[in-house]
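Next up: a single chain in structure tokens, the form predicted on its own.
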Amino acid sequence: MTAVEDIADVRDGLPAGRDTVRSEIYSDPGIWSRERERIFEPGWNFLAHESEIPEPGDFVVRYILEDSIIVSRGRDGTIRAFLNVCRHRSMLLCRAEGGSARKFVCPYHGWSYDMDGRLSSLPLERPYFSTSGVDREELSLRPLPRLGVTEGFVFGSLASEGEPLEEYLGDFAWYLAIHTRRDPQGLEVLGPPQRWIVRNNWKIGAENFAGDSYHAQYTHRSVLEIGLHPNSPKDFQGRGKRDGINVLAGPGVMRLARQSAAERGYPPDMVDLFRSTLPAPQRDLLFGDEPRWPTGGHLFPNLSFLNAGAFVAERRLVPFLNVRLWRPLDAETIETWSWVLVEKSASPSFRRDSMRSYVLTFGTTGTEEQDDVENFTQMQRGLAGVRAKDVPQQLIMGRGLREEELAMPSFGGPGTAVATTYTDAGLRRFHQLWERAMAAPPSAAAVARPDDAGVPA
């Protein structure tokens, strides 16, 4: 029996103690085919940040699986998304990755569309197509079936039916607001996204960001030793940096450090801004008696967040906010899309140094990115063995700690919080979400998810 056949037998409620993962799900073609149908086609896929298209006429081209999608801001300021194919002969309409335009003109026969997607003109319309002209509304660009914008993040779906984006996000939206509402002007991207192709299954990178804090002390040891990272190898020997907080919220995971915004490298003026701007619940969580600051997280299926930093000029610790998408190309290949976002009111020097901090560490050729990519590709190679596929992975970290010692019932935010980031709870949640989506009927696949209550650390 193949892995994809086994999924059909998954029960409605996964056992609370589930802590193994079948290794064959990272390369099985049948699994990948089912993921396309049950996860990526019906689900909410991240497309862009609204700051990438700030003015009417601005656009970017993005993807859901193989579908090329134009995300544009129309003349009325509304964000829209269209399939990037001409209605005449399905020619790829827009071949630029982004920019500003008044019209999209098909390079094949010259059909043109305005920024609202309406067919505006076509050569030789009369009399060769119709003596009275064609129905331009009928031949407008085909809109993406569903589009949602929340906190500046633009999501789309290839399915015409499904739960609204806000319902899907659930409690995770509360933690998304920690990043988006600390500046009254919001966030904006610093330049276009970086992109690189890696030979590994999309779930490997997603899992790493969903909850694998354990790897940092060994995988990134060389970065710690040269002093680029704010931590040192000794920080991981005692409880120290392990005493973060792991939160399971809706279809996502968020991690927080027991550190203040200042300790994470933000200058005093930005700390004051955050404290005065954040809504009361989030402000109380981050700036209460025990300071906390987000360090990363993951939104199922394939959108990750990283709040990190590095020492740049004059040995100053400078933080950055990295958002990345693990776009699957096939069962064993991904294209990583990686954005850097910053508060709109940040100074030019902070913007420059924040981008530099990212480039040094998690950019395309960054020190820690190279560490991770080496792990991801070698893990994929290991999983390719005929017998290796029979060896299950063990998501058992955190089982050695007493749950009552980890529980944080008065944490201050929604979801289930546990008092350490050194746990596989986030990975276990990821696979709960994955298995439920894969086992559900196609129409319900993207909405099936476990409740927060009772999820073990």
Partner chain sequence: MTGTARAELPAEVDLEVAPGLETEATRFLYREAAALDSGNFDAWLAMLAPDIQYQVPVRSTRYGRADEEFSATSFHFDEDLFSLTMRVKRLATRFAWAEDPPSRNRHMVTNVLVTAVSATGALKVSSNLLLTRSRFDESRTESLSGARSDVLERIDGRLRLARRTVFLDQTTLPVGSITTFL
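The structure presented is a predicted model; accordingly, all values stated were derived computationally and were not measured. Residue numbers count along the first chain shown, from 1.
Separately, the form predicted in complex with the partner chain exists; it is not shown, and the next lines address it.
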Would Ile178 count as a contact of the partner chain in the predicted bound form, using a 4.5 angstroms cut-off between non-hydrogen atoms? no
Answer for Ser120 alone: is it within 4.5 Å of the partner chain in the predicted bound form, judged on heavy atom distances? no
Is Tyr108 close enough to touch the partner chain in the predicted bound form, meaning at least one heavy atom pair within 4.5 Å? no
Answer with yes or no whether Arg95 is in contact with the partner chain in the predicted bound form, where contact means some heavy atom within 4.5 Å. yes
Please pick, from Ile226, Val386, Leu124, Ala280, the one residue with any non-hydrogen atom lying within 4.5 angstroms of the partner chain in the predicted bound form. Ile226
Tell me, which of Gly133, Pro145, Gly99, Pro184 has a heavy atom within 4.5 angstroms of the partner chain in the predicted bound form? Gly99
Is every one of Thr219, Val312 and Gln370 within 4.5 Å of the partner chain in the predicted bound form, counting heavy atoms? yes
Sort through 204-212, 372-380, 288-296, 160-168 and report the only stretch with a non-hydrogen atom within 4.5 Å of the partner chain in the predicted bound form. 372-380
Checked 195-209 against the partner chain in the predicted bound form; residues with a heavy atom within 4.5 Å, sequence order, are Arg195, Trp196, Ile197, Val198, Arg199
